[in-house]
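The chain below stands alone, shown as structure tokens; this is the form predicted alone.
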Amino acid sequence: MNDSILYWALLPEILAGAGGIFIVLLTPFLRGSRDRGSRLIPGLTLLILLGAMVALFTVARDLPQSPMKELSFSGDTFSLSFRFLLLLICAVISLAARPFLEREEIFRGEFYALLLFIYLGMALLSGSQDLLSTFVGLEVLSIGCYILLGLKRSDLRANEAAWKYFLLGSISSAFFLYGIAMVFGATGSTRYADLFALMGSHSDKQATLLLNCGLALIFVGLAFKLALVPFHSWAADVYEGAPSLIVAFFSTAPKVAAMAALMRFFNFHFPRMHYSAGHFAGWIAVASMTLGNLAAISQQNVKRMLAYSSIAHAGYMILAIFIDNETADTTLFIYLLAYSMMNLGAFLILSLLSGKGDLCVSLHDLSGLAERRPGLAALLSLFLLSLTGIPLTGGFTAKFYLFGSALKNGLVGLVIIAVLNSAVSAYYYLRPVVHMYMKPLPESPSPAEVPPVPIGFALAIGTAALAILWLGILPSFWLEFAEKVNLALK
């Protein structure tokens, strides 16, 4: 019975995995006909992702919830909600991938297969109920990202970015694995349910110390994926060196998966830990949002600016990890939805404007964009204003509910620091807007010619913009949807 329930819960992942294997097997037969392959494989990938979404909603309707805690993977509402968001991100990326990959002369079917395989790892992270399966999901995600970052083999910057992420990612995986070993040594189990039952029951100080050290190392392993301070050193260089489209995916989906894993595991644990654990998480959040915003102020390269911005946003997200009230999970989901769409939209427009090789990504390159391409300038402004948290955008809704949830939990000091950091971020988010609308077209060197927007890019950017406006102007639908997330962790 449990096996059949598990297979049914994993139906979207089974479809995605089978689709990825099929694309890998199909790709060699299409190498002699590049035009046919460039049309068939992206369309097939999008069809697989849409099929996985349909399967996900079918599972959500029919899957019984009660036996889920007995399995190593849960198909509960929490998992379903985050897997929906991950599939949405993958679908948006697949829409825009073909014209970008052809422009950079790196079109390969392997890209789309990797997208599906990485989704498997992320989905496993969001639904895992055992530390070992969490580690497997983390490694599937990491290995796919290593390959994806190095896809443009002829670009030395992309190779450097891939190597930096690979070396530091390997170290973080080792931390995570050592943490699992310590937790198992202290409790004799790696299952979440067993760990939660054993929390606080140890009278042996040595076992308690071993358990807390193991939990700290597990946190470090996931904090690396989120680029939290002090595990952030890779972010700016990797974002700058990797192709913009890959950064659009890289800056969103893995963070959603890592935050889902942190929430599922640590949301239970932090209230039961020693009071110093809350201070530890609080200092990590404060350091991340403050250092990220301050470092972003001085950046002239827009990709590096958004890299430090993502560090700051990860600091905001961490507030939800130790908020012990009924709205924490809902507000985190809303924040991740808004953050993903904002970052996707901004990086997709940058990848369109940057030209071949991602050479035009400085503030100077954006000067006069409103005169050259008013539509793109307006959309990029929308995403930047949303990242700032301006009202009537998804970013404002996300911050309003997250900070409000923190206030209800008495975290007044952290909320004040977060609001002040949001005010600081307005400076560097508005700088590109000033360049686009208030700076003249540069005379030398001449600005790069902005090509017509391919239909795939238009659909992807339009989807992100619609989500931001929908969440900002009419948030009730998403709030009702996200409230179901709470049911899974109660």
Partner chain sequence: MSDWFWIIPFFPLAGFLVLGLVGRRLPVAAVSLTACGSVALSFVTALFSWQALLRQPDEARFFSQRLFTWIAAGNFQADFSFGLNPLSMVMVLVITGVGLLIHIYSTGYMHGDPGYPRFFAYLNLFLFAMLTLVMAENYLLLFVGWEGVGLCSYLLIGFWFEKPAAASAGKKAFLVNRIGDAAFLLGLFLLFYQFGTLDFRGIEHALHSEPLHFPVETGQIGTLTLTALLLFVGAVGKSAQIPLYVWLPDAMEGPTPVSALIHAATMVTAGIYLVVRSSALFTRAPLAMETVAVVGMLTAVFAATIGLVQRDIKRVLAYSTVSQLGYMFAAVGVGAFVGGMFHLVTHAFFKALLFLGAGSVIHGLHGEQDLFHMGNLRKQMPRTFAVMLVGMLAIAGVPGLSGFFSKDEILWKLFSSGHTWLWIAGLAGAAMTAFYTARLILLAFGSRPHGEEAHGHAAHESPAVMVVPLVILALLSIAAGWIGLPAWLGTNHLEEFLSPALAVHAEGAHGAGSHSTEIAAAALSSGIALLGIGAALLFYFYRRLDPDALAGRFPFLYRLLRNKYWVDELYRGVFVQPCLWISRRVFWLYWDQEVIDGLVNGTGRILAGAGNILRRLQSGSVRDYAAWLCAGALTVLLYLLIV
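Numbering follows the first chain given and starts at 1. Keep in mind that what you see is a predicted model, and the values were worked out from it rather than measured.
In what follows, reference is made to the form predicted in complex with its partner chain, a form of this protein that is not presented.
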Next on the checklist: Within 4.5 Å, heavy atoms only, one stretch in 349-357, 256-264, 83-91, 217-225 touches its partner chain in the model of the complex. Which?
Outcome noted: 217-225
Checklist entry - Do all of Ile171, Ser233 and Ile297 end up near its partner chain in the model of the complex, with near meaning a heavy atom within 4.5 Å? => result yes
Next on the checklist: Just checking whether Glu110 would be counted as a contact of its partner chain in the model of the complex - the rule being heavy atoms within 4.5 angstroms.
Outcome noted: no
Checklist entry - Would Tyr335 show up as a contact with its partner chain in the model of the complex if we use heavy atoms at 4.5 Å? => result no
Item to check | Arg304, heavy atom within 4.5 angstroms of its partner chain in the model of the complex | outcome: yes
Next on the checklist: Even though the partner isn't displayed, in the model of the complex is Phe73 close enough to its partner chain, meaning a heavy atom within 4.5 Å?
Outcome noted: no
Item to check | Position in contact with its partner chain when the complex is considered in the model of the complex, options Cys213, Leu101, Val286, Leu363, heavy atoms within 4.5 Å | outcome: Cys213
Checklist entry - If we check its partner chain in the model of the complex, which of the residues in 117-152 reach within 4.5 angstroms of it by a non-hydrogen atom? => result none
